[in-house]
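For reference, the chain that follows is the form predicted on its own, supplied as structure tokens.
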């Protein structure tokens, strides 16, 4: 049932580097046509690094690893309904023949099924603020613990409880590595005040760690690895500004009765409004950087096969 695009399948067969990309940002993250431009830009960042991009989604119920340009346009232009899919939603969408944009959890699961072990995204989901009352914890974290995919990100989304998210990743046994940083990035901001145990400064160092982890799968470390890259310094937002904006956005969410899956898109939209669009520019810049870094890591990994 899994469809792997010819270019991606050939690259995998030949042992060439491939990077998975999610599709949620296309259908649920940015307005048209900016979403289309960013989707193509991310694929180009991967190609410029020497790897093959594989944007993932469900097309008419068919899990697809490597969306075509026409399929990306279909996901972007809003002319058809595209569901937002986590891992739990994939089977239902397949059975109902639906189009579906994949979140971090669903993208990682389908990437692993196709044999792709490097994935680039913006920020992962995590433990929501107030989770001690709501039990709202993203499926992304469990997916990282059980699926053998290296995920490149700018940390967790800043609207989340970052200390709790990092603690939960430790509980699940997910290695968290900083690329050129000693702290867990705060998505829009370079620093969070949360120190990381491991730092690397080159794609080759990451590739060595990932190759070692994969070789130990049968012994102790069956899941994934989180590689955290801070947003580009020139577009990063001050942490205090972000926290103040998040506080106002959270208050607005409570006032409007926003709950469950609607919370994250509501807060991200509120953040864009609070920062007068600056958060969107930062988001796009870190997405492009993460795709580029993932490509260089995928290329370096070919030396350890």
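In this text the structure is predicted, and so the values were computed from the model without any measurement. Residue numbers count along the first chain shown, from 1.
Although not depicted, the form predicted in complex with pseudouridine-5'-monophosphate is the subject of the following passage.
Novice: Which among 69-77, 170-178, 97-105, 229-237 is in contact with pseudouridine-5'-monophosphate in the predicted bound form, heavy atoms within 4.5 angstroms?
Specialist: That would be 97-105.
Novice: Would you kindly say which of 291, 297, 25, 18 lies with a heavy atom within 4.5 Å of pseudouridine-5'-monophosphate in the predicted bound form?
Specialist: None of the others qualify; the residue that does is 25.
Novice: Scan 59, 36, 268, 253 and let me know which has any heavy atom within 4.5 Å of pseudouridine-5'-monophosphate in the predicted bound form.
Specialist: Exactly one listed residue reaches within 4.5 Å, namely 268.
Novice: Would residue 50 count as touching pseudouridine-5'-monophosphate in the predicted bound form under a 4.5 Å heavy atom rule?
Specialist: No.
Novice: In the predicted bound form, does residue 87 come within 4.5 Å of pseudouridine-5'-monophosphate, counting heavy atoms only?
Specialist: No.
Novice: Contact with pseudouridine-5'-monophosphate in the predicted bound form for residue 247, defined as at least one heavy atom pair within 4.5 Å: yes or no?
Specialist: Result no; residue 247 lies far from pseudouridine-5'-monophosphate in the predicted bound form.
Novice: Mark residue 143 yes when one of its heavy atoms lies within 4.5 Å of a heavy atom of pseudouridine-5'-monophosphate in the predicted bound form, and no otherwise.
Specialist: Taking the distances in the predicted bound form, the answer for residue 143 is no, it never comes within 4.5 Å of pseudouridine-5'-monophosphate.
Novice: Hey, which residues along 270-284 are within 4.5 angstroms of pseudouridine-5'-monophosphate in the predicted bound form, non-hydrogen atoms only?
Specialist: Counting only heavy atoms within 4.5 Å of pseudouridine-5'-monophosphate in the predicted bound form, the single contacting residue of 270-284 is 283.
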